[in-house]
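Here's a solo chain for you in structure tokens, the form predicted alone.
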């Protein structure tokens, strides 16, 4: 029943560790400082020592713009190293769960992306994650690869995570409103991953909280919910801007909503709407 979480210092990794602690299940937390995903011999030693029933790879180079200038590093961390980890797990009869991204898509569609839709990434980050999916499943066809989108939780450094502090400190926010996707509350994702493991899911799967939104929508909803909770909110105006005006090096898909029907059918669990996650996010951030 034991679990090993690679990348335990990140948003999802931390959520997984807390999830198993709440369940009273044995879980080995392996942050990057303690175990580098790229150090395969060190990983194999941990697998042989702890013999976890399931290994979650929540480690990745997720700095999308940085990947544009560090292509070799991106493919090592996001593709080659996960493939070696999958092979090591398969050789020992251990389950391997790898987390991927909605950025494998180009955003040309205007309906939610299914698992079997053509992946055509626009960025080095997306390309490296897509290559990671392919290599992991080539090394271990029974592995589970879960694509997620816009993950947020307490303590994270992504824009959605930082918005909690920004609405309390800035009177005016300028937020992009022209990219549409899903957001994924890390605590919900941790619960979903364990549900998939319990049902021995394998291959590609999509998970995110229900409902389409832009970053602007998220910011506006966060302000509204913070007021409902009586939290300090300094923000008085949110100005919509274009993504192009941010001048980011990497291209992002303009539309990357994920279809979660396969997850819901397999687990029998309805995905929670994204608005419902904000109260939990704000309460946890406050605590």
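Positions refer to the first chain, counted from 1. A quick note: this is a predicted structure, and the numbers were derived from the prediction, not measured.
Beyond what is shown, the protein has a form predicted together with a small molecule; the following relates to that form.
- Only one of 84 to 92, 130 to 138, 195 to 203, 150 to 158 places residue heavy atoms within 4.5 angstroms of the small molecule in the predicted complex, namely 150 to 158.
- Contact annotation for residue 260: none of its heavy atoms lies within 4.5 Å of the small molecule in the predicted complex.
- Interface residue remark: residue 99 is counted as part of the site for the small molecule in the predicted complex, having a heavy atom within 4.5 Å.
- At a distance threshold of 4.5 angstroms between non-hydrogen atoms, residue 59 is in contact with the small molecule in the predicted complex.
- Contact annotation: residue 248 falls outside 4.5 Å of the small molecule in the predicted complex, judged by heavy atom distances.
- Only one of the listed residues (68, 36, 50, 44) places a non-hydrogen atom within 4.5 angstroms of the small molecule in the predicted complex, and that residue is 36.
- None of 174, 179, 73, 210 but one reaches within 4.5 angstroms of the small molecule in the predicted complex through a heavy atom, and that residue is 73.
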